[in-house]
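Only one chain comes next, encoded as C-alpha cells, the form predicted on its own.
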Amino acid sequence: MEINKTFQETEVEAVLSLLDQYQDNSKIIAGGTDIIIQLHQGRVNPEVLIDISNLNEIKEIKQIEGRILIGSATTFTSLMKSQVIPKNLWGLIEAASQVGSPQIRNAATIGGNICNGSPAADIVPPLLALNSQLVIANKMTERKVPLETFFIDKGKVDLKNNELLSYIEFENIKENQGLGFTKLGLRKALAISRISVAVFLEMKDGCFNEIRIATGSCGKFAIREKEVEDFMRNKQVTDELIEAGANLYSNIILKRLAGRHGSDYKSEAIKGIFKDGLGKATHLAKKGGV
C-alpha cells in the first residue's frame, strides 16, 4: 500500500471528517518523529496521511476552572517554555526536556508520544502521576478516558481509527504539592529511557497526605505503583519509611520482570531512582514550587 493522498488541515472539525471518511486507511501525522520511522520500516502502510501540525486549536496550554489542559499537538519545546505550568510541576518540564534532541523536541508532540504506546515514553509517567484524563473526539461525539486505562498493550492504545486525541487534562497543582521525575537512560544524549519514575505528592503535617507513583520502561507500558502508594500514604515522613517504600518498590519490579533480561539490575536501580524523584517532589511541595 502506498500513500496517495495527504491533507493538511487547520480546523479540528475538518480532521475529524477526514478520519471518518478514511478511517481504515489513514494515519495522523503531527511532528512525524515516530510515524516517519514506522513508514520507512513498513510497520504502517496508510493510503492517506492527515497532517495536524497546523491545528492551533490543539496546540494550546491553558487553565480552565482549576484544571490544566495541554493540546495534543503541543510540542515538547512549547511545553518546556509554557508560562501556564506552575513551578511545582517541574517534573513535567523535566520529563519533556529529556525527550530526544532539541530538534526532536521542536517537532515531537505530547499526543504523539502518548499515542505511540511506547513503554519508554518520557511524558507518560508524570501525566499518570497527575491522574490525567484524555479528551478523545470523533465526528459525532467526545469521550474522556483516564490515561491509566488508555494503554492496552505495548504499542496498542484505546484510540479508534476515526478518533483524535485532542487534549490531555489534569487538576492544577496546589502549593503543598509537588511533582518529581527521574530518568535513567543508556547514555546522556538522545537516551531512550531505561527506567523512569514520576512521583506526585501532597504534604500535610509532616505526612505524605497523598502520593502517586508511576514507572516507565518496566513493563508493556507505563504503570501506576498503587501498592507502594498505599504503603506510604498518610504516614509520617521518615528515612525508615522511604527506605521501606524503596525496598517494596524493588520487590514489585523484580516480580513484574521475572525472567526478563536486566530484571535484577532494574529492581535494584529503581530504589535510587524512586528516592531521587521522591526527594524532588518533596522539595517542591515544601517550597510551594519555589
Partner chain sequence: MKKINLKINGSEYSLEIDENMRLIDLIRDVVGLTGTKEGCGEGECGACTVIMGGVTVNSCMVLAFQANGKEILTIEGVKGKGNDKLHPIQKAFLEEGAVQCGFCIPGMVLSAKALLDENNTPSREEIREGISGNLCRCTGYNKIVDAIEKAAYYLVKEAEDNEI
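Residue numbers count along the first chain shown, from 1. Quantities reported herein were computed from a predicted structural model and do not represent experimental measurements.
What follows is about the form predicted together with the partner chain, which we do not show.
Peer 1: Give a yes or no on whether every one of 7, 32 and 51 sits within 4.5 angstroms of the partner chain in the predicted complex by heavy atom.
Peer 2: Verified in the predicted complex; spot residues all in contact, yes.
Peer 1: Among 258, 44, 36, 64, which has any heavy atom within 4.5 Å of the partner chain in the predicted complex?
Peer 2: Exactly one residue meets the criterion: 36.
Peer 1: Only one of 143, 81, 154, 160 comes within 4.5 Å of the partner chain in the predicted complex by heavy atoms, so just point that one out.
Peer 2: The residue in contact is 81.
Peer 1: Look up in the predicted complex whether residue 101 has a non-hydrogen atom within 4.5 angstroms of the partner chain, and give yes or no.
Peer 2: Residue-level check for residue 101: yes, a contact with the partner chain.
Peer 1: Does residue 106 reach the partner chain in the predicted complex if we count a contact as any heavy atom within 4.5 Å?
Peer 2: Yes.
Peer 1: Just one of 217 to 225, 22 to 30, 234 to 242, 247 to 255 has heavy atoms within 4.5 Å of the partner chain in the predicted complex; which?
Peer 2: Within 4.5 Å of the partner lies stretch 22 to 30.
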